[in-house]
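Read the single chain below, which is given as C-alpha cells and is the form predicted on its own.
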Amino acid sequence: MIARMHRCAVALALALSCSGIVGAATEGAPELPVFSPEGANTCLACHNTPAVTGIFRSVHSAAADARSPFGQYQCESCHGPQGQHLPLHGDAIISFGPNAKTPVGIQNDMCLDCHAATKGDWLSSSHEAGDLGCADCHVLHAGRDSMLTVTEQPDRCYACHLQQRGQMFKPYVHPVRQGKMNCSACHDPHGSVAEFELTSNNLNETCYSCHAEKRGPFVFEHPPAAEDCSLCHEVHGSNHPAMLTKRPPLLCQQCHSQSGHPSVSYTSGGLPGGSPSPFVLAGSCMNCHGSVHGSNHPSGITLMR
C-alpha cells in the first residue's frame, strides 16, 4: 500500500510537471497532495454524475477485493492522491481518455500497476507503439466494459480499423455481425509475439482453433493450405464464397498451369465451342478435386478424394 501511494504521488508530480501546472517553488520544495481522508465521498461531493457513478456497477468498486481500486484508495487509486486538488491545483488530477491532459504513458502505467499480467505483451504491441491509451478503448466508469462484450467490441475496434470494418460487411464473412465471435477471438489487442497480434503463433494455427478439420497432417498435402490460409482466403471478408480471394478456376490457375491437364483455359471463351461446361461452372475445380486442404486417401495424390 505504502509503495503504491508513493507511485501515485510520483505519477501525479510527473503529470503536473508535463502539463506545466507545477511552477517554480517560491519557498522550499512544493508539497505533494495527500490522500483524501474520506476517499470517494470527497470526490462525489462534486463528481456525482452517471458518467462517474457507473463505476459502482463494475468490478473496480469491489471494496472487499484488495486488488480492486476501491479495496485500496478508492478513486485515488487511479487518479492519484488528490485530497485538496481543487483549491491547490485546479484540474491537476491524473485523468484518462483520448482527450485527457495526463500523458498516455502515465495513464497506462496506472492501469498496468494492477493489470500486470498484460504488461509484457503490451510493451511490445503495435497499440502501445501507436501511443494508444488503455482508456482509448476501455470504458472505466461503466458497469459493463464494451470491449469485454462480444456484440459490442467490434464497433470499438472499427473506430480505428476502418478497412476491416468495410470487409466485415461483405457477403461472405466470419460471424462477427451475428455476435458469435469478436475481434479478440483472433487478435490479442494487448500484444502478441505473432504477426498482426494473433492469439496463436501464426495465422494457420489461429484458424485451426476453429477449423480443426483443416489442420492435418495429411498424407497428401495441398502446399498453399499448409503454408498460409490467406493465400486462398480473405480473413476479414470477401465477395466470393468461402471467403476466397478469387473464384475458382481463376484462383486455382494462379498456381496451376495447363501442364499435365487438359490444355484449355478454363473460361467460357476458352472452352471448345465457346460455351461453358457445367462441370466447370458449378464447383469449378472442386467438382473433381474436392479435398483441397489435403487428403489421407491412398489414391488422393490429386486431392480428388
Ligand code: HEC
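Treat the numbers as computed from the prediction; the structure is a model and nothing was measured. Residues carry their position along the shown sequence, with the first being 1.
Quick note: we don't show the form predicted in complex with ligand HEC, though the next part is all about it.
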| item | value |
| --- | --- |
| Partner contact for residue 64 in the predicted complex: ligand HEC, 4.5 angstroms, heavy atom | no |
| Residue contact check: residue 228 to ligand HEC in the predicted complex, 4.5 Å heavy atom | yes |
| Exercise: residue 170 in contact with ligand HEC in the predicted complex, heavy atom 4.5 Å | no |
| Contact test in the predicted complex: residue 42 vs ligand HEC, heavy atoms, 4.5 Å | yes |
| In the predicted complex: members of 51-76 within 4.5 Å of ligand HEC, any heavy atom | 52, 55, 56, 59, 60, 65, 67, 68, 69, 70, 72, 74, 75, 76 |
